[in-house]
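So this one's two forms of a single chain, laid out as structure tokens and tagged structure 1 and structure 2.
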Structure 1
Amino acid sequence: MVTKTEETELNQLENQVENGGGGVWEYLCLVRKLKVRRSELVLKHGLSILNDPGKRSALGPDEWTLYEQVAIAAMDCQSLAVAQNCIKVLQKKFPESKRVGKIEALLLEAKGMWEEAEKAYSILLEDNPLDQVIHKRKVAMAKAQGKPSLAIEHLNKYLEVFMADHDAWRELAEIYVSLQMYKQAAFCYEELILSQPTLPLYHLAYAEVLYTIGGHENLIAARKYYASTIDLTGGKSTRALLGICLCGSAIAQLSKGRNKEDKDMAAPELQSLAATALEKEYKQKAPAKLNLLSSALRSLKL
């Protein structure tokens, strides 16, 4: 995951590079470090270095890392010829290399040659059965072929071994959500909250899934997690503030006709606090939308 500071730095470098202000190598290194997906730009600017013999030799041993980075970016942009050329260079320099072998298998994936890619990965796994990247490629291939259940199966097996891989838990949660398997998604977020309880992202995601499942208990729980998100973000999460209002409204709807003992005591104060915070935010940052927000909040109170 990328922090806000890192994101700002990345965007600044990106602007600089795109407007001819130099810093291409720094940009490419940052993209690599943060593991973000900026394939079109990496391809464009990476090639500008690789195609210039002077710039290329200035990189020294980093030249090969760049070939690898550009090959992968090229595949993401379906520029398979470019990818093939980069791989040829790497094959020449590092014959018999497993790392190059992985990129070759990736190219098979990019070409849609699924069986061949599977075979290639299986061979690579024989020598290194705990290679996390290859295991994840199997999940990616299942997703790409439109086989989400297979992707889920692979991912669950992966997590039995690598249970501390937070990105994998998130990926699994998102696949479950895309299939509307909300209870399973909730389980994934519970694991994430247990292992990293101070990350507001997980509290927020969990709240949204609970709300989507619905029902009185889940709505009460959702509100708690929206509240903890607000706590962890110092009140800056618009989604969580809106979530509080939505929960209040949904709980009130469900409570119609219920006994007085079940009456939702926390609601009015919490909801008006959230509403006030939202109106303040919109007044400051999006005044043109303030009226819209206010009438939306009013209709939620009904």
Structure 2
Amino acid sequence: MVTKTEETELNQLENQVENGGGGVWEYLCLVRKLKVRRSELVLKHGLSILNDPGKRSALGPDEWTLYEQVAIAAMDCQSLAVAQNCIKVLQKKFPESKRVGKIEALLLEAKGMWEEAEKAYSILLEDNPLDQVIHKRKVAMAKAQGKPSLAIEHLNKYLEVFMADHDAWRELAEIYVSLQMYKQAAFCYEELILSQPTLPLYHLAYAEVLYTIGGHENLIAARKYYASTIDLTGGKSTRALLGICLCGSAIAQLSKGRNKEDKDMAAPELQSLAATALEKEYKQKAPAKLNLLSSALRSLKL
């Protein structure tokens, strides 16, 4: 993650370069170091160096790094001819390089040549089955082709090996949610909460999945995770506050006709606190919508 200091430095250098103040190479190095996407500017200023023999030769071994950087930026900008030219230079210099092979496969993806790209990645995986980048590219290809089931298959295979990859678990959960496979999504969020229990984002997402599944037990659990989200955010999660109100209303509807022992005794106080906190927040931040919120809460019988 880029810090505010790094972002400020990058923006200042970017303005300097754009206004002709020099520092092009330093800017390109910083973009690469921070792993940010500034594809149009990288393409523009990278080519200004590569197309100048004097500037290019002055880079020494870093010339090849710049060719790689410009090739990827060109693919982002759909300048596929430029990317192809950069890759040809790299192929000539490093004919057996697996790193260059990955860039070639990326170009096949950019051209929409899915079968060829799949074959290229499979060959690369034969040499290094534990290459995380290639596994993730296969997931990205499946999603780009509108094949979420294939993306799920790739992610599940990937997570059998790289079980601690939080981003992969989250992506798998989001795909499951998009397919309305909520029980599978819930399992993914459980894994994320176990590995990162203090991240409110996962508590909130898990609560929403449980609320969507429904049922008395799931609603009770959803309310608990909405409450833990509020606790972890210091009471600053509007979405979780509203979630508690929605859960309370749904639980009350399902509890009608139950014995007193089975009824949810904690609900009224918790719902009241959440509703009060919501109205206070709306009064401070969105007073024009306060009446709308109050009307919605009344409809929930809060």
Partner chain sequence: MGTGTNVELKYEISQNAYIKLVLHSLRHKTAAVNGVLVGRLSPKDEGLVEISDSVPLFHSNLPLLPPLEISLVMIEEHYVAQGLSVVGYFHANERFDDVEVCGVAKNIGDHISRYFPQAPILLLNNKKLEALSKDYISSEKWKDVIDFDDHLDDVTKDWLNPGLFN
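Just so you know, these numbers come straight off a predicted model, no measurement behind them. Residue numbering: sequential along structure 1, first residue numbered 1. Heads up, when I say rigid core I mean the largest set of C-alphas that superpose within 1.5 Å between the two forms.
- Each structure shows the same chain on its own, and structure 2 is the form predicted on its own.
- Relative to the superposed core, Gln16 undergoes a C-alpha shift of no less than 2 Å between structure 1 and structure 2.
- Taking the rigid core as fixed, one finds a CA shift for Thr198 smaller than 2 Å between structure 1 and structure 2.
- In a rigid-core overlay of the protein, Asp127 has its C-alpha displaced by at least 2 Å between structure 1 and structure 2.
- Core-based alignment between structure 1 and structure 2 gives a C-alpha movement of 4.5 Å at Ile87.
- Its Cα shifted by 9.6 Å, Asp52 is compared between structure 1 and structure 2 on a rigid core fit.
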